[in-house]
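Presented below, as structure tokens, is a lone chain in the form predicted alone.
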Amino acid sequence: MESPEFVPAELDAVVAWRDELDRAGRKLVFTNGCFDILHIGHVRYLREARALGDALAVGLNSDASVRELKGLGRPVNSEGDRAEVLAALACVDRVMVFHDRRVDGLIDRIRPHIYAKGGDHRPETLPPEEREALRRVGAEVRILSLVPGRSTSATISRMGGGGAGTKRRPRLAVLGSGKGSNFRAMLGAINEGRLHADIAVVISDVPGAGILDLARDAGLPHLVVDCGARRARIDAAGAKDLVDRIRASGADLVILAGFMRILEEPVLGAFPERILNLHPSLLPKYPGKDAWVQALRAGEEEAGCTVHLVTAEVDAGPILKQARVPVEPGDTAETLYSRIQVQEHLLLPAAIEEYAANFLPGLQP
């Protein structure tokens, strides 16, 4: 006889159940996540979360919200399958599917006694909306340890990595804030065979940015990361989100193509010597904003562009490749920059190709 289809819990029923637990002096633990490919890290985490109280409710991201968080290639398993597998665990008492990127709405409704998150979080890296919701309902936040080397991203990477000696093209996570002209040049170089790489994900900090439209038109995974309100910086929650999404994409290199935020820890430490930036000057001259304007005002006879590794000091990482552009009589900032852009569109794919061939062993040049 065929088993009946599993039906996730309704939110109203979970709220009523929480109140029953509360009246009986029992504590409800709540956690949430995608739980795309269930592995031992998930199981140990959920067991530990359940041990914090008397019952465990899990909020499961819907398929649509997983795609928004992780890109078009996810989830691997549908929300129905993921919910049923979770519910089969003895440590999980209720599973409900939610459709938003954030979980603050569920926290407000459920009012859990304890909120559990994995050790890759800290209280300050939780999104501000979630922190505020937890404060409103008086929930205790508990950060639980992770099992090293056990993650969905690592599992997917091992599954797609092939056997010993198998080579593959490097995967690129491209970050941009604007129209995406350099990203368009990268796509052209890939199509023409000048850049042997695959785009793992395109990420922007600006909803509606042109680079996202280019990715959408090309059928590539693309998403937006909320980097916070600080100009040119990324707050703790945004940095955590950015690292998670890049890792989830399986990217080998991170390419900054007009990304207007300064990268700091923990992003730099998560991808050491794997982040490349394109800057419109002949570094070390004229780091920072409007470099071509600085060169023009200084009376330089030539300007240009540089691809370099990203380090903690802005525009000061090791130089990988440069292209020179003469400053012509009568040049304005606009005319000079337009000629620099022509060289940028050639330089960036070439620099990525060379760096991947020389410094990513095991990958196909």
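What you see is a predicted model; the values in this text were computed from it and never measured. Quick note: we count residues from 1 along the sequence shown, nothing fancier.
Only in words, not in the display: the form predicted in complex with a small molecule, which the text now covers.
Asker: To verify the annotation, which of these, Lys179, Arg233, Arg122, Arg194, has a non-hydrogen atom within 4.5 Å of the small molecule in the predicted complex?
Answerer: It is Lys179.
Asker: Ok, Leu144, Leu220, Leu278, Val206: which has a heavy atom sitting within 4.5 Å of the small molecule in the predicted complex?
Answerer: Contact residue from the list: Leu278.
Asker: Spot the stretch among 74-82, 180-188, 110-118, 267-275 with residues whose non-hydrogen atoms come within 4.5 Å of the small molecule in the predicted complex.
Answerer: That would be 180-188.
Asker: Is Gln343 close enough to the small molecule in the predicted complex to count, meaning some heavy atom within 4.5 Å?
Answerer: Contact check for Gln343: no, nothing within 4.5 Å of the small molecule in the predicted complex.
Asker: Wondering, does Cys91 line up within 4.5 Å of the small molecule in the predicted complex on heavy atoms?
Answerer: Residue-level check for Cys91: no, no contact with the small molecule.
Asker: Under a 4.5 Å heavy atom criterion, is Ala87 part of the interface with the small molecule in the predicted complex?
Answerer: Heavy-atom contact with the small molecule at 4.5 Å: absent for Ala87.
Asker: Although the partner isn't part of this model, could you tell me whether Ala257 comes within 4.5 Å of the small molecule in the predicted complex, counting any heavy atom of the residue?
Answerer: Yes, contact at 4.5 Å.
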